[in-house]
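The chain below stands alone, shown as structure tokens; this is the form predicted alone.
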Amino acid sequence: MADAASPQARSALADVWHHGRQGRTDGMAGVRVVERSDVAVASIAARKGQAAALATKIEARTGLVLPVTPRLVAADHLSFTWTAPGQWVAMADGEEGMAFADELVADLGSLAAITDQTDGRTILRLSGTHVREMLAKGCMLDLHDTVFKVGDTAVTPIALITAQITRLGDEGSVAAFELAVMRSFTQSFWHFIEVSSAEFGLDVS
């Protein structure tokens, strides 16, 4: 049976997202933000007593070792991020959400509960010379690169909104982070980013 074309989900930022420069206009923008709209997202929760078997199967299929602490592992277009004991978020660049979740269910369904989260989360990639200062206005974590290292992740309140923040590899010579928030809180979170970035200059790409 031929697959029907899936309608493009409307971004939760559609009404407030404006490309270009915002806030301070002189000099280079201190914060840059990009929405990840090209990625499939699924939650994975190991069934009782199956976490080890799940990890073994994923490693055999992908070569990736599921983290058991707040870390991200990635290879090619696929990543797994620890969110809680026995729970992870899987992400695949360039794939359709439901199809990705269905593939995971077919392969891992006997070992884990898997749910498509693609349309339920907004994922933003932030970088820049002042990205840490901007995030510090709402985040209580120490984001210094000697403390929160590349691959580290945490579920934490940012501007009173629960978010998952992950330290990515640098973009050029500047720090980069990925933040995921539930769709229903996206516009409030975006307001925090706009206001907190204004003094540094915000480049919305």
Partner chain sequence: MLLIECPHCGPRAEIEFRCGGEAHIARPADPSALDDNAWAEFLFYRSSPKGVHAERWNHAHGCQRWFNALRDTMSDRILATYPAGAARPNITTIEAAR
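A quick note: this is a predicted structure, and the numbers were derived from the prediction, not measured. Residue numbers count along the first chain shown, from 1.
The same protein also exists as the form predicted together with the partner chain; that form is not shown, yet it is the one meant from here on.
Asks: Which one, V34, A136, A154, V150, lies within 4.5 Å of the partner chain in the predicted complex by heavy atoms?
Replies: In short, A154.
Asks: So the partner chain isn't shown here. In the predicted complex, which residue out of T56, T62, T162, Q50 has a non-hydrogen atom within 4.5 Å of it?
Replies: When the partner chain is considered in the predicted complex, the option within 4.5 Å is T162.
Asks: When the partner chain is placed as it is in the predicted complex, are W82, Q87 and L141 each within 4.5 Å of it, taking any non-hydrogen atom of the residue?
Replies: Per the other structure, all of W82, Q87 and L141 touch the partner chain.
Asks: Just one stretch in 154-162, 35-43, 22-30, 167-175 has heavy atoms within 4.5 Å of the partner chain in the predicted complex, so which one is it?
Replies: Selected range: 154-162.
Asks: Is there a heavy atom of P70 lying 4.5 Å or less from a heavy atom of the partner chain in the predicted complex?
Replies: P70 belongs to the contact set for the partner chain.
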